[in-house]
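Below, in C-alpha cells: the form predicted on its own, a single chain.
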C-alpha cells in the first residue's frame, strides 16, 4: 500500500474533507487499478473523473480512429485529432490532467482474446461499451475472477448505473439474459446524458473502493433527463443464470 505524497495531499485536499472518505479513501484510490471499456461518450468522462479523483492506474481499451460524429460527446477528444487513434488522444489528455497517473492504453476493444488478461490486471472494472457482446464478455470475466464491475449505460435522454459484485448481486446477464431485440451500435446520444451516467458510475466506484456511502448493489439507478426524473429499480438474481448462479452466497429473494 503506497502512502500519499505531500503533493497528492495538496491536490486532493478538498475531496478528503468529505465525511467517511478522508485520507484512507484517497489512499485506496491511489492503490487501485481500474479497467475502463471504451473511452467514448461514457468511458471518456469516466476516465477523466477517475483521473481527477486520483485513481492510481487506468487501463483503457478502445479501438478505431476519431470521427466527426464522435465530437458531440467524447470529451477526451479534440478536433485536431480527427482520423487518428482515439486511444492515443485519451492517454495524452488524462496524463495532462494528472501526471501522477499510470495509463495502460490498449488500442482495441474488449474481445475474447484480451478480456481475461485485462480484467485480471484490474481491481475494479467500469463497463462503458455500447455493444452487449463486449458487456457480456466483461461480465463473465468479472464474475469468474470475482472483480466488482460498475455498469454504465445510456440511450437518448435516459441513463442507468448499477454496481455488480460477484457472489453478492445479480450479474449483467441476470438483468439482460439476451441482447435486447433491435439493439444496434448507433443510437441517439447527447453528451450531457452520457456524462451524467458516467459521473454516477464514477461515484459508485469511489464509494465501493473507499467504503463510503450507500451502494447501488442489487439496484439500478435509472434517470430520464427529458423529464428530470430518477428512481431506483430492485434487481433480481436469476436462478438459472449460467454466469453467476454458482457464486450466490445467499438464496435469491
Partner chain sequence: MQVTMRYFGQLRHLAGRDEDTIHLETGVTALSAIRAAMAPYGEAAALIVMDASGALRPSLMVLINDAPIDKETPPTLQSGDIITLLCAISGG
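Residue numbers count along the first chain shown, from 1. This structure is a prediction, so every number in the text was calculated from the model and none was measured.
The same protein also has a form predicted together with the partner chain, omitted here; what follows describes it.
Student: Which of these stretches, 96-104, 159-167, 141-149, 118-126, has heavy atoms within 4.5 Å of the partner chain in the predicted complex?
Tutor: Contact-bearing stretch, as computed: 159-167.
Student: Counting any non-hydrogen atom inside 4.5 Å, which residue from 52, 209, 196, 220 sits next to the partner chain in the predicted complex?
Tutor: Partner contact (heavy atom, 4.5 Å) among the options: 220.
Student: Should residue 17 be classed as touching the partner chain in the predicted complex when contacts are defined as heavy atoms within 4.5 Å?
Tutor: Flag for residue 17 set to no.
Student: Mark residue 234 yes when one of its heavy atoms lies within 4.5 Å of a heavy atom of the partner chain in the predicted complex, and no otherwise.
Tutor: Residue 234 belongs to the contact set for the partner chain.
Student: So, in the predicted complex, is residue 83 in contact with the partner chain at a 4.5 angstroms heavy atom limit?
Tutor: Output for residue 83 is no: heavy atoms all beyond 4.5 Å of the partner chain.
Student: How about residue 88: is it within 4.5 Å of the partner chain in the predicted complex, going by heavy atoms?
Tutor: Residue-level check for residue 88: no, no contact with the partner chain.
Student: Which residues in 25-62 have a heavy atom within 4.5 Å of the partner chain in the predicted complex?
Tutor: Contacts from 25-62: 40, 41, 42.
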